[in-house]
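Below you'll find only one chain, the form predicted on its own, shown as structure tokens.
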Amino acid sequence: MRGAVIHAPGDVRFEERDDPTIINPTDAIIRTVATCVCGSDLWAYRGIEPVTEPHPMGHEYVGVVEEVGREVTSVKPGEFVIGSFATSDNTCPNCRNGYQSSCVHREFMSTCQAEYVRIPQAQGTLVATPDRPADELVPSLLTLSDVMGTGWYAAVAAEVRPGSTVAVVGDGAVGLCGVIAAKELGAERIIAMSRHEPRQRLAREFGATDIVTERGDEGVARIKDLTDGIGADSVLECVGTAESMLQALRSTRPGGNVGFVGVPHDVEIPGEELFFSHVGLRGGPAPVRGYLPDLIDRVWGGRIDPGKVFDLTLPLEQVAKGYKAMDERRAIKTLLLP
């Protein structure tokens, strides 16, 4: 089969790779129907995360089951399935407590920009859709494997409540999906922080009531202006930089909460400032698996359409162009079709 391999920063190639096979009785093999490039893939592409040797890329996927190991009974060949970027048995204590992304058997998917993918812990990781979806539903279903589930977790972690005021730091796919999540959870006011007009339009379409273009201290001041000097009840941090984290913490009212889902890079939390702020902080890799049944229902019923975050569609063999477009901010998120 063929798939994406990163050789060095800025150097992603589509090349021959070994066909995946069943290794453990808990594995499944899927034929990829759609995959994509994630904003977090750009950390390696930009050289912020080191690339010491060539390795496959991709952690978001939907597909059709081709083969299952003998212990997999929850899905069967021919079914259309979605799974999380973090595998889980869905039975361990951490899974039962709602944190499947901390499963004791967790593996992070990293080979999904390919024609076929091996899914470890398939019994607990994969969820079948009610039927084979129409083509127009596939992009939205694909977002559930990461960005929509991650945006949902950001809102849950920030304790978004009906009638609350929410600020979203980050206008990438996760931040935009966080806007959807905040609206679905009943937020009355949703402030999207964005400098990019196409992303601002999409944020408003998803439910944002206000747009803030300022960043850093100016962005914090603007949030305070919009909230009578108090700050937002909940803030979703969807970037992962030192600046975005401080902006999120300082935009939150005393007693409010920050949900942080941007993979942290050079982020240091000022302990004394956090102590006196009375701001709650919760984040980490999103337990996407726990949200899949509910989010599938919302997409299947037409209630949400997060697939609109894909503004560039390419054949999988042109994956390198997808990385380049996102790196240059010419695309929010690239959909790849085998």
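Note that the coordinates shown come from a computational prediction; the quantities given were computed from them, not determined experimentally. We number the residues from 1 along the sequence you see.
Just so you know, the form predicted together with a further copy of the same chain exists too; it's not on screen, but the next bit is about it.
Open item on the list: For a further copy of the same chain, considered in the model of the complex: do all three of 230, 255 and 264 come within 4.5 Å of it, counting heavy atoms only?
Closed with: Checked in the model of the complex: all three residues contact a further copy of the same chain.
TODO: Identify, from the list 136, 71, 268, 218, the residue with a heavy atom within 4.5 Å of a further copy of the same chain in the model of the complex.
DONE: Of the candidates 136, 71, 268, 218, 268 is the one lying within 4.5 Å of a further copy of the same chain in the model of the complex.
- [ ] Verify the contact flag for residue 274: yes if a non-hydrogen atom of it lies within 4.5 Å of a non-hydrogen atom of a further copy of the same chain in the model of the complex, no if not.
- [x] Yes - in the model of the complex, heavy atoms of residue 274 and a further copy of the same chain come within 4.5 Å of each other.
Open item on the list: Against a further copy of the same chain in the model of the complex, would residue 94 count as a contact residue? Criterion: heavy atoms within 4.5 Å.
Closed with: Contact with a further copy of the same chain, yes.
TODO: Consider residue 90 of the chain shown here, and say whether it contacts a further copy of the same chain in the model of the complex, taking contact as heavy atoms within 4.5 Å.
DONE: Taking the distances in the model of the complex, the answer for residue 90 is no, it never comes within 4.5 Å of a further copy of the same chain.
Task: Partner contact for residue 214 in the model of the complex: a further copy of the same chain, 4.5 angstroms, heavy atom - done: Residue 214 lies outside the contact set for a further copy of the same chain.
- [ ] Spot the stretch among 153-161, 114-122, 183-191, 201-209 with residues whose non-hydrogen atoms come within 4.5 Å of a further copy of the same chain in the model of the complex.
- [x] Result of the contact check: 153-161.
Open item on the list: Within 4.5 Å of a further copy of the same chain in the model of the complex, counting any non-hydrogen atom, which residues from 274-292 show up?
Closed with: Result: 274, 275, 276, 278, 279, 280, 281, 282, 283, 284, 285.
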